[in-house]
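Just one chain is shown here, as structure tokens, and it is the form predicted on its own.
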């Protein structure tokens, strides 16, 4: 490892930009919610559920993920899930958190959009008041469903449009290219929302390019397959399109065989605006500090590179400038206080 000890990485001010709330449900909370709502799970115990966290592909993970979210039925459930995540990452010195939720996965089960959204929103407001955290909600489209279904979700969100940070695109990448959702993303921009999209995780580098050219996104979620196209890497660096990379997730889902083979450091050193995030931390073995630590240890990131990645997170965040400036000032103070000598 470099000269960055655990205590320093832990106290590093961080912004999390790529985290799915449903993927933050720890096994104990999931079972508590199941008991509260009389939901029968396929796993007999927390230990059996954790034993299922051995994934060979994105689809393996999604099968467990979708089964787990069936415990979310009431506004209180969504509040409890969100608050548990926010309290946990506050301990990792996350100052700003932009959280994904997948509305279609809930409304298709009969949960009202308002129930889901208001529970999450209440927890974010509580984090602002009690923890001093900033953040917001990203609505994630599920790409396995139709664009008409996407439009229906956007219409459901219109009453709270001024409280939505942006529209995202998740779910199984293959065989669902970004081109499938061009009109939905245009509609989101008309509503004043920012846009992001998962691409280049299991899908090809061409999907990353399509998200820029067709969907006109502000950020790419994952994006690591861009390295298959050197011209695309150069373009990402020139345009400074942020990549919200999730190192431990990429290893768990076999995007890379090991952390030592991850391309995060190579992309960063090529000038790409790389950020570090946790994706689905309860399933993939680590929240923000763990993802930073794994990257530092395996990729020999320097102190300056760690600060640059953290800075990228705040710069790529969908924040008012005054809040961004305040968070960056805390990062600069950390960098000055932790400098050797």
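Computed from a predicted structure; not experimentally measured. Positions refer to the first chain, counted from 1.
Below: the form predicted together with a small molecule, not depicted.
*Asks:* Does the small molecule come within 4.5 Å of a heavy atom in each of 62, 170 and 279 in the predicted bound form?
*Replies:* Each of the three qualifies.
*Asks:* Determine whether any heavy atom of residue 201 comes within 4.5 Å of a heavy atom of the small molecule in the predicted bound form, and answer yes or no.
*Replies:* Yes, residue 201 lies within 4.5 Å of the small molecule in the predicted bound form.
*Asks:* Using 4.5 Å between non-hydrogen atoms, is residue 82 touching the small molecule in the predicted bound form?
*Replies:* Result no; residue 82 lies far from the small molecule in the predicted bound form.
*Asks:* Taking the small molecule as it sits in the predicted bound form, is residue 253 in contact with it (heavy atom to heavy atom, 4.5 Å or less)?
*Replies:* So residue 253 counts as contacting the small molecule.
*Asks:* Consider residue 244 of the chain shown here, and say whether it contacts the small molecule in the predicted bound form, taking contact as heavy atoms within 4.5 Å.
*Replies:* No, no contact at 4.5 Å.
*Asks:* Though the small molecule is not shown, can you say which of 41, 58, 306, 294 has a heavy atom within 4.5 Å of it in the predicted bound form?
*Replies:* Residue within 4.5 Å of the partner: 58.
*Asks:* Which of 91-99, 245-253, 113-121, 186-194 has heavy atoms within 4.5 Å of the small molecule in the predicted bound form?
*Replies:* The contacting stretch here is 245-253.
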